[in-house]
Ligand code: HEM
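A single chain comes next, written as structure tokens; it is the form predicted on its own.
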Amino acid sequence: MRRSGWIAVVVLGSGIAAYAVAVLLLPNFGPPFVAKIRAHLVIPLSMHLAGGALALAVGAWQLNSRLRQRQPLVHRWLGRLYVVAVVTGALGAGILAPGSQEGIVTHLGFGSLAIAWLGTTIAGYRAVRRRDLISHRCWMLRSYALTFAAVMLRVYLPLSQIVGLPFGPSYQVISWLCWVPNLLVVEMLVIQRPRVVPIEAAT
């Protein structure tokens, strides 16, 4: 179960990462509002897409206990790459958040996500620098839960449209729903009860 959960995270994370790269590199790919953002905020958009894609793809492998134990050097370098990716993506997201669709609720939702994403990642990096590995693991699990908001956003949005919910109110709710439950699940099931971790590959 633990291994299958980790594989699901890798597949979903890699899929959304590939989608973000396609949006970044293909001018006519992606939803119409991205084209409007690209016209005015191309640098923060590129930062967010590139950083988020890299963080999604790299971060999933950091959950693999076999990699951590057998290839610690690879784990450390991937960790550094992940931190750089998150910092880049979160800074871009913070600039983009005030221009998000549907008003102040989404501005605050995505802006809070950007702040929390950056803050948990920096806390995890600082913990490993002082060799507090337990705190490092907890903070980085929180960080990747927030990285995974990119996946949940693209799960909830189509579902809301399939069931016929209006886009505006749905998007406002999803700007919070895509990340707050992720953080709560990791906090309750992974950090407080580590024996039931569903997303880490077994050794």
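One-based numbering along the sequence shown. On a predicted model such as this, the values are computed, not experimentally measured, just so you know.
Omitted from view is the form predicted together with protoporphyrin IX containing FE (HEM), to which the following refers.
Residue-level contacts in the model of the complex: of Leu67, Ile37, Met152, Val173, one residue has a heavy atom within 4.5 Å of protoporphyrin IX containing FE (HEM), and it is Ile37.
Checked against protoporphyrin IX containing FE (HEM) in the model of the complex, the candidates Pro27, Pro166, Pro31, Pro158 yield a single residue with a heavy atom inside 4.5 Å, and that residue is Pro31. Of the heavy atoms in Val9, none are within 4.5 Å of protoporphyrin IX containing FE (HEM) in the model of the complex. For Thr120, no non-hydrogen atom is located within 4.5 Å of protoporphyrin IX containing FE (HEM) in the model of the complex, even though that partner is not displayed. Among heavy atoms of Gln101, some come within 4.5 Å of protoporphyrin IX containing FE (HEM) in the model of the complex. In the model of the complex, Val84 stays away from protoporphyrin IX containing FE (HEM), with no heavy atom inside 4.5 Å. Contacts between 11-34 and protoporphyrin IX containing FE (HEM), taken as any heavy atom within 4.5 Å in the model of the complex, involve Ile16, Ala17, Tyr19, Ala20, Val23, Pro31, Phe33, Val34.
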